[in-house]
Ligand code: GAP
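Shown below, as structure tokens, is a lone chain in the form predicted on its own; questions about how it binds or moves come after it.
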Amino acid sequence: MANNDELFKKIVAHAKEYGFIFPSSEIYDGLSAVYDYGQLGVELKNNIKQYWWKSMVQLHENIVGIDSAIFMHPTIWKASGHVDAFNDPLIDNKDSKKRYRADVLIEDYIQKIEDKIGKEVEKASKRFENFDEAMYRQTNARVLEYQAKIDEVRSRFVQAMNDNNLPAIKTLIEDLGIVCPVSGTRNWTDVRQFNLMFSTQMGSTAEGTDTIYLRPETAQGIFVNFLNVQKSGRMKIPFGIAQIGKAFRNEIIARQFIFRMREFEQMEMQFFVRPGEELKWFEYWKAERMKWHQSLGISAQKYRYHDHEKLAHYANAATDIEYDFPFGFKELEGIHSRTDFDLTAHQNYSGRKMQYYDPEQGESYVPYVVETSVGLDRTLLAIISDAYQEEKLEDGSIRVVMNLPAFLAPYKVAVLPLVKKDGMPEKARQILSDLQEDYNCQYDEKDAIGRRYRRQDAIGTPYCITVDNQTMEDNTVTIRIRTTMQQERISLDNVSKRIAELLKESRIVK
């Protein structure tokens, strides 16, 4: 397999070649950090959404879903703190004229040191039998030196961010000798804050327009509907409100394919609890969400928690679930204990009470909230990054295969007549028609059967049904399994049942 940079380039190229993800407006040279999902990408994306919705809403009787509007009253964003505090610290290089997020420059510097530690550990693990990684990290002089540097940088960085001390952030960048990736120089401007919200005008005349914002998150649509859902659904604390929807952020440094975009989708759930019980539920959802990610069939070693050192203004506890992308561990999902900040803020700004009457306690209060917020696009990127494999076969050829979880794959079944004659295409079409009611299927009769198998491997189709000469004699077909390339022969009458069995077996967590 290629190194990480080469691997990521291959994943991006593969995603375009096979219809998963395209650069938006490509015939006009594209639009930076905006992407379109192709015919396979939209199916995979929808399957992820359905899986999340089922696990979060369908399987929890105390969680319901909504779909709130993208345009919202502008005061909502004042109440939430986004107008005043939704900023990124930016810095320009005077030579290249390129703009960077100052915090990302520092985080990338830390990541490079962590990569050095990883290389030291990897080399040592090859030298010593019964290698104890934890002991090595605690005792090796070079590793300890690297870790001390990381701790020092992180301490200065967190202090500067907490104090909103922009000159201190610039000083740290200069002290670390961080250079512009384009010009290679350290000729930096001062650091300044930049608000990430997109604004637009609403109104029929130029004089009568109001400035409104494209929502930078989906959570506020849940909070302002808290009482609507609670009263209409007769919900009792604790309960949750889930939502999947688009959000928009004017990211200056948008990069790494669909990992950081200006238009993206979130899958969020806000869980309303009694004051004082929020940290218990924070730990509960922290564990539950990790289980969900691991249910996608990705190795547990690919995930880790990252507790926040600098808490957002609304939180009293926060952690991220990170995935080991080809470009390093990065955030997939945030779990936050948001206290009563949001509901109290909306109560104050709107003048409407946002309180819940608790019949068990005989009192009214503003509930506390535990949030789970996962990036749909990032989850899709994690899934295709994990699924992309290059396998060397016995004959020396290379098989490129997307080992997508079968229950998430865009197409569940491909129906392939061995040849385009002798009634095989007609029989294959009949099988396709029978299966389409239950499964998303593809029909393919072009090229040799081996080439067609490779094409289905490349898009992640888990099962191929082949109609051959024997089918015409005894009404049996072969089912080929993508992951093993093994085939089994079954009666046509049992095809749908067998596909259902295989899909059920593919689920890691029921």
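Residue indices: 1-based, along the sequence shown. Please read all numbers here as calculations on a predicted model, not as lab measurements. So that the term is clear: the rigid core is the largest set of C-alpha atoms that superpose within 1.5 Å between two forms.
The discussion below concerns the form predicted in complex with glycyl-adenosine-5'-phosphate (GAP), not included here.
In the predicted complex, no residue of the candidate spot (Arg304, Asp324 and Tyr388) has a heavy atom lying within 4.5 Å of glycyl-adenosine-5'-phosphate (GAP). Judged by heavy atoms within 4.5 Å of glycyl-adenosine-5'-phosphate (GAP) in the predicted complex, the contact stretch among the candidates 368-376, 105-113, 178-186, 134-142 is 368-376. Among residues of the shown chain, Ala409 is not one whose heavy atoms approach glycyl-adenosine-5'-phosphate (GAP) to within 4.5 Å in the predicted complex. Within 4.5 Å of some heavy atom of glycyl-adenosine-5'-phosphate (GAP) in the predicted complex lies at least one heavy atom of Glu251. Using a 4.5 angstroms threshold between heavy atoms, Gln230 stays clear of glycyl-adenosine-5'-phosphate (GAP) in the predicted complex.
Taking the partner from the other structure, glycyl-adenosine-5'-phosphate (GAP) in the predicted complex has a heavy atom within 4.5 Å of a heavy atom of Phe259. Screening Ala345, Val401, Leu332, Ala318 for any heavy atom within 4.5 Å of glycyl-adenosine-5'-phosphate (GAP) in the predicted complex leaves a single hit, Leu332.
Glu268 is the sole member of Glu268, Asp88, Asp340, Glu278 with a non-hydrogen atom lying within 4.5 angstroms of glycyl-adenosine-5'-phosphate (GAP) in the predicted complex. Once both forms are fitted on their rigid core, the CA atom of Arg101 lies 2 Å or more apart between this form and the one not shown.
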